[in-house]
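In structure tokens, one chain follows: the form predicted on its own.
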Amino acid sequence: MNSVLDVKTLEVGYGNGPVVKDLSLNLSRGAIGCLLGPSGCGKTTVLRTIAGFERASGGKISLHGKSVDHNGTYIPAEKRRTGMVFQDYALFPHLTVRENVSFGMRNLPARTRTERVRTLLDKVGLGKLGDSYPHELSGGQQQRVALARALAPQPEILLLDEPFSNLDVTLRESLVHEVRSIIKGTGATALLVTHNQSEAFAMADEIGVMSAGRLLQWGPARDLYHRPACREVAEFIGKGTFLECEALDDSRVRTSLGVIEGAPVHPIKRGERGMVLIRPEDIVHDDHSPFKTVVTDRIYRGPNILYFLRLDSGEEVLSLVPSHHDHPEGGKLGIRVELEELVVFVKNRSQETGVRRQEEAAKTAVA
């Protein structure tokens, strides 16, 4: 593999103990990766350690096969050739857009520097604003300047810390796609951190879900959504509910909605009891189904309605139904289950075993 970033069993600790524990991931050239998780999970600490602003207390970080933090070997941030886009952009207010972008290239010949700045400003759509100052720009424009400045020295890896958090929702959604296109257009390798699933799914080729300093799973968005390595990932990614179930064999389980069949994501054995993951799109509206539910709540979403449904067992599921089928709260809704992957988390397996499987899944993904 043409690896740009290789992190193995990383640990980062402060006075009160480890903040990041046994974290491994890998990014190949041109890939965009993302660390996704709630505030305080350690994702920004990982980013800052890769950048060189923090030092690892264990494990190894390599860039293009060269160790930059391992067993006492430490390459300082300014010598790692990493580009950083900060949450607040950190633009120099007294410098023009052109001067901000050229700041990290002062060691290059003037002609080379001028040409690269011109090229980058054109790429980020700011070719006519080179003489403007940061305070004269919108938030989205400032973000693009920060991106161009980080790309200017041609870093080995681009690091982005919550790059869209200061923007309003509408601008954020449009800019996410633009930034991905810019990064892909330059061929850069990038790693961002965010707590926003929509940003992660739209930006990244591979995503790592973090919790309490651990990487629970690393892989493409589809795997995280349809093949979660553990219940914590299943609960964090997307919407879904869990039904009590009993395994009839390795691909069928009995539930309060009848027998559900699918390709097993995790091994199950006949007689094992657990919880099966049901996504809203797995619950199909069917007036002829023998399974009738009660609408307890609903969220109108334009093309569809998200229904909250109570089963006779008292359990609840969610269902996405086209919005021209309008069912009032308190009304009845017939449903059936249609799914491809069968995601079951078996009871009575120790938490230690679950954590070990999560770690193995993360490491397997980067092997």
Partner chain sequence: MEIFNDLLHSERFRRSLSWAALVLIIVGLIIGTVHTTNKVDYIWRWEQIPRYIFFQETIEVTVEEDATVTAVERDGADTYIIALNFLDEEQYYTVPSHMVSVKTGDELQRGQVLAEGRRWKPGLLLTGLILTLEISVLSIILGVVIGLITGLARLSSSPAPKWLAIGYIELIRGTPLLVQIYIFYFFVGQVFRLSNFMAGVLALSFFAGAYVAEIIRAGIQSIHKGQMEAARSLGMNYPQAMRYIILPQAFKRILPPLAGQFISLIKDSSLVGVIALVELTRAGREIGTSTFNYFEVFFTVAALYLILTFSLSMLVQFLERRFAASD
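Positions refer to the first chain, counted from 1. As the structure is a prediction and not an experimental result, all values here were calculated from the model.
We do not show the form predicted together with its partner chain, though everything after this point is about it.
Participant: Which residue, Gly238, Pro280, Gly130, Pro153, has a heavy atom that falls within 4.5 Å of its partner chain in the model of the complex?
Facilitator: When its partner chain is considered in the model of the complex, the option within 4.5 Å is Pro153.
Participant: Of these, Lys269, Arg111, His135, His288, which has a heavy atom no more than 4.5 Å from its partner chain in the model of the complex?
Facilitator: Filtering the options by heavy-atom distance leaves His135.
Participant: Classify Gly185 as contacting or not contacting its partner chain in the model of the complex by the rule of any non-hydrogen atom within 4.5 angstroms, answering yes or no.
Facilitator: Flag for Gly185 set to no.
Participant: Thr82 near its partner chain in the model of the complex, any heavy atom under 4.5 Å?
Facilitator: It does: once its partner chain is placed as it appears in the model of the complex, Thr82 has a heavy atom within 4.5 Å of it.
Participant: Look up in the model of the complex whether Arg48 has a non-hydrogen atom within 4.5 angstroms of its partner chain, and give yes or no.
Facilitator: Answer yes; at least one heavy atom of Arg48 falls within 4.5 Å of its partner chain in the model of the complex.
Participant: Taking the shortest heavy atom distance, is Gly72 within 4.5 Å of its partner chain in the model of the complex?
Facilitator: No - in the model of the complex, heavy atoms of Gly72 and its partner chain never come within 4.5 Å of each other.
Participant: Please identify, from 204 to 212, 97 to 105, 270 to 278, 223 to 231, the stretch that has a heavy atom within 4.5 Å of its partner chain in the model of the complex.
Facilitator: Looking at the partner contacts, the answer comes out as 97 to 105.
Participant: Going by heavy atoms, what in 61 to 100 lies within 4.5 angstroms of its partner chain in the model of the complex?
Facilitator: Residues within 4.5 Å: Pro76, Ala77, Glu78, Thr82, Met84, Phe86, Asp88, Ala90, Leu91, Phe92, Pro93, His94, Leu95.
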